[in-house]
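As structure tokens, one chain now follows by itself in the form predicted alone.
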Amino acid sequence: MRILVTGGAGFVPSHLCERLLTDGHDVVAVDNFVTGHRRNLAVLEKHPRFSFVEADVTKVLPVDGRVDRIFHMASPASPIDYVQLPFETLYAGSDATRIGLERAQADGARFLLASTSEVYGDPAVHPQVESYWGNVNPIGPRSVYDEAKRYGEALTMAFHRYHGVQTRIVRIFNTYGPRMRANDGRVMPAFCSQALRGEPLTVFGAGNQTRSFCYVTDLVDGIVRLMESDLTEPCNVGNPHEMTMLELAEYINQFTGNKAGIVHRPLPTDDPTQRKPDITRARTTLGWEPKVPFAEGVERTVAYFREILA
């Protein structure tokens, strides 16, 4: 198939492009490098079935010729981005989603929206199941991301219901691996970078808040399976292995041999206290569950940050 991936120079989308090429497809990636990086395209650009278009997908999708699949992955997706790029984040979830859906409708293509566990906000239901409607602050500092994704889901379902577009929605939980940005504010790159520099790891609050970390190739496998499934309702894809931020900090310090310890800072506004996916739907409908052990994923991730920080 000929497949379009928006945000293709980003962390997860670049791994997705690599997987799709391995599967034998022609891949067209679009990105404007607001948060993506050219180094993420290095392994892709040598491939004869890969092409790249530099463009802002919130304004235009300048890809000639029909496509069979559209993976809408473009969006700033980290706490620092929400503060520095609020409008880019909002428009990626709204304008870019509409443009992508209109293209899917015109081409008769199948469309997948990369949504997020952040649609659940600071959840009152644990673990989070797809039927839970969430607990989101609509005007808080994180709302530009949370609400953009919630709107994107609503728009995607409207195109499915009223225009007959084949759509899929993946709710992505915390993901880690090579090609993350060292300074994007997410906990895994922050901890890895601080540890490799011999600095104390910054833990917010007491560190009791939890996250569940999925290695990027596992996530990509789930996304590909979802696209080719018959599931039109949202689907959680993530690793249900839950850990506190204090446990993660201690693990990274031990793994890297960092002796600088941990420093505590006040909790950010609206920081979710719990995050763990219920992946029953992914298991039963997609036959998917994560396979990469956490220790192996951390080893690969630390090796990547050691290289780019050298």
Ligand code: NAD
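Not measured: the values here are computed from a predicted model. Note that residue numbering follows the sequence shown and begins at 1.
Same protein, other form: the form predicted in complex with nicotinamide-adenine-dinucleotide, not shown, and the subject of what follows.
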Looking in the model of the complex, any heavy atom of T167 within 4.5 Å of nicotinamide-adenine-dinucleotide? no
So in the model of the complex, does any heavy atom of T97 sit within 4.5 Å of nicotinamide-adenine-dinucleotide? no
Can you tell me whether V12 touches nicotinamide-adenine-dinucleotide? I mean in the model of the complex, with a 4.5 angstroms heavy atom cut-off. yes
Taking nicotinamide-adenine-dinucleotide as it sits in the model of the complex, is L101 near enough to touch it, meaning that at least one heavy atom pair lies within 4.5 angstroms? no
Which is the contacting stretch out of 224-232, 75-83, 132-140, 158-166, given heavy atoms within 4.5 Å of nicotinamide-adenine-dinucleotide in the model of the complex? 75-83
Ok, L90, L196, A109, I172: which has a heavy atom sitting within 4.5 Å of nicotinamide-adenine-dinucleotide in the model of the complex? I172
Work out which of V27, I279, V67, V30 lies within 4.5 Å of nicotinamide-adenine-dinucleotide in the model of the complex, going by heavy atoms. V30
Within 118-150, which residues come within 4.5 Å of nicotinamide-adenine-dinucleotide in the model of the complex, counting heavy atoms only? Y145, K149
